Structure formats: C-alpha cells, structure tokens
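Before any questions on binding or motion, here is one chain by itself as structure tokens, the form predicted alone.
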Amino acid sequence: MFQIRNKTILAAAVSALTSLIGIGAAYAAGAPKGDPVVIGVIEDRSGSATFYSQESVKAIKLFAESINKGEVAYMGGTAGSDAGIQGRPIELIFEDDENNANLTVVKSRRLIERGADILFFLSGSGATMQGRVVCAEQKILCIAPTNVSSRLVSPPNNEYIFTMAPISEISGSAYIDAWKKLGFKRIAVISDSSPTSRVVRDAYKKTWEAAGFETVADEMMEIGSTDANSQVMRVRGQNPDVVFDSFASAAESAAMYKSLQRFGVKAQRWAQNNLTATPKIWELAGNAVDGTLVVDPIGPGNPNTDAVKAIYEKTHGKDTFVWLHAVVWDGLMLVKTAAKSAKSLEGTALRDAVEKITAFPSAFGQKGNTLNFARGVHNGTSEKGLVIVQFKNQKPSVLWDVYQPTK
C-alpha cells in the first residue's frame, strides 16, 4: 500500500476496487478515508547507520499499517481511536541519505516535492542536523524519534523538529550518577569515524568532563576496520575505570568488544544506547558483549511498552523489540495527537499543537513515563525515560541492581 505515490491514482484505484467487489470492504466502517497523509521518511540503506536505521524503518512500516487499521493500543484517549491520522490513511514514502549529511538536505527536499506532509528522520544524528534546515525553511513538521543529540533541538533551525528519545545529556547524567556511586573517575571512550558517532561522543564527553570526570583516552576506529586492537591497547595502557562505547556502526562496535576481550581489559564496559538498539552487534560480538551496562529507554514493568511490543513481535517474532521501535511508535502517535488538535497538516499549526502537548503517555522508560513539550522545548523526556540494563547471554536482559535513575 505504501508504493502508490500519486493521490489521484490512489483514489481512482480505491473507487474501482470498491465497485468490483460490490461492498465497502475497501473502506469498512471506521477505516481511514480520503487522500493519504503522506509521511516522508529519510532512511539509511547503505551507510554507517544502516543497522539501526533499518530497525526503525521496520517499525514505522508496521506501526503505520497498525494505525491505519485502528490499532492504537493505549493511545485512544490521547491520540483518538479513529484509524489513520485525521481519519485519513497514512502513506509512507522513502529516500535514502546513506547517512551522508551532504545528501540529507537534497533527499529531504525531494520528499517534500513528492508530496510529503510531514518528515521523519530515521538516519544518523549528524545527517539529521543538516536535514532539519529544510524543516525550518519549508515550515514542515519533522520528527527525529531515534536521534539523541540535543543539538538537533537547539537553535538555530530547530523550530520545526522534535525528538522522542532521551537526549544524550539526560542519559549522561544517569551515567555520571552511576559512576559516582561506584567511585569511578577515569573514562576512556572509543568511537567510530561516522558523523553520528562523533556527535554523540562529543556530547557525552562534554557532560562527564563538566561533572569532573577525566577523559584519559579518546580513540577512534575508522569505518571499515576489522579490529580495534591498536585502539584497545592504548586504552589498556591508560588503566581507565570505564571504557565507554560511542559507536554508531555495528561491525566496528562488535570488533571493539572482541578486542577488549582479547586483550583482557579490566575496566567496566559502558555503552551509549546504540548498543541496545542494534541486535546485529550482539550477534557479531558474541559473549564479548556480556557484562556491558547501558542507560537505555527500555526496561521491564511499563505496560505501555508491553502493549507496543506485542504489536511489533506479533509480526517480527519474539525478542525482536528494541527501544528504537518504541520511540518510532511515540513519534507517530505524537503526530496523530497533534493533527487531531490542530485539525490541519500545515507545518506551523502542527508545530504549535505539539508545543502544547503535556502528559503524553510514552511507550518507553519507567512505568508512567510521559513526554512534556512546550514552546521551544522540542524533546519532552526526562530521566524517568531511562533504565540501566546489563548484558547477559548476549542480550540486555538484566536490570542493574546497583543504581537506577529515579528523577
């Protein structure tokens, strides 16, 4: 259903189908009607963000279909129980930016030319930084549900873009609180050479250095490298308390964990939440990833998470649900809620409607977690959107029993 691009052709096709079957099955009572609400999606099919981008793409395709069927889980009271958005079907169109910031602007404009009413960025944070310029120029609502860089929602060019996931500074505070509890002082960070990895690394470093922690090693692994032996040996020589994984690319991240295991690095492993978002890393790293701790948006005990997880795993199978899927759900539901209030798809009207949304029930974080937006506040989460999980048997399956964010 998402391959039809021309709205006139779509309407004609639906009309013809309804006539042929003689009943209103194409638009049964309560089903979405009329011209589609077109959501343009920037994805990465071939760059360094491919693994987590394609996880997000699977989610937006499935959840758009679910919403078109009127499956809104616990969100009926907030977003409305009608199918689709404003009673109209959701149509998705896609462009691949290859996680290349130079392409993101071009591809974003192309989506608008193809009829997109709203843009979703499901590529890397570095690429989205450039794409948001188009949001401001064209005054179109943009959602970057999976990106964690606070720069995306900071001036300039932040007027029309919103993010769902906890920003790195909020996650950084949880890391800092945990490390203080453990008495740690010396942090080593290893990243890859992708723009997204650099953006996220810099944000975390700024947060922990401002809190008085020392960065004793800052190593980078080139995309395409097959091992991190030299970087890990230099890290080991600094005897850090923590080795912090700031990777955006799956294969390189897995290679780093294997090198840490190979060289017997004793420092505790911590990772930003790309690790929990990318099951491919768990597969490639094997048991080298076990013991790693992550401040993550997904943990047990949130019934909203369980409801969305059930929708996702009904199609994709058990143990396939990660935090990326939850924040994509929230992004779609935020759009549905704003459109219900604004009664319009015009970008400024939608933007203004989002800036009035508070107590928005989220599919991630601790039980009862809500998102709260306001004028100029374009990431609505808090530390209640976080839990600390530990890897065991190559999965983020254990809640850490030392400390959990409580604010």
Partner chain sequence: MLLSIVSSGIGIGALYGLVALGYFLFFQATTAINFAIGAIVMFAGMALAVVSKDMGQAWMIAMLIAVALAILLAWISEAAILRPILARSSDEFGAVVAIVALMFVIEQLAGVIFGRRPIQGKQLFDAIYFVGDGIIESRFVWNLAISLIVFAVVVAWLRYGRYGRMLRAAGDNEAAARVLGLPIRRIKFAAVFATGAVCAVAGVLYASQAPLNFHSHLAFAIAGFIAFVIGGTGSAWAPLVGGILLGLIEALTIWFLGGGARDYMLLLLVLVVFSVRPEGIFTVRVRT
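The structure presented is a predicted model; accordingly, all values stated were derived computationally and were not measured. Residue numbers count along the first chain shown, from 1.
What comes next is about the form predicted together with the partner chain, which does not appear here.
- Of the heavy atoms in Phe263, some are within 4.5 Å of the partner chain in the predicted bound form.
- Shown alone here, Ser48 lies within 4.5 Å of the partner chain in the predicted bound form, counting heavy atoms only.
- Within 4.5 Å of some heavy atom of the partner chain in the predicted bound form lies at least one heavy atom of Met233.
- The partner chain is not drawn, but in the predicted bound form it has a heavy atom within 4.5 Å of Ile223.
- The candidate stretches are 247-255, 173-181, 327-335, 295-303, and the one lying within 4.5 Å of the partner chain in the predicted bound form by heavy atoms is 247-255.
- For the marked spot (Glu43, Leu111 and Glu137), a heavy atom within 4.5 Å of the partner chain in the predicted bound form is absent from each of the three residues.
- Note on the partner interface in the predicted bound form: the residue among Asp227, Glu313, Glu209, Glu71 having a heavy atom within 4.5 angstroms of the partner chain is Asp227.
- Only one of Asp202, Glu95, Glu169, Glu219 comes within 4.5 Å of the partner chain in the predicted bound form through a heavy atom, and that residue is Glu219.
- Shown without its partner, the chain has no residue in segment 126-161 with a non-hydrogen atom within 4.5 angstroms of the partner chain in the predicted bound form.
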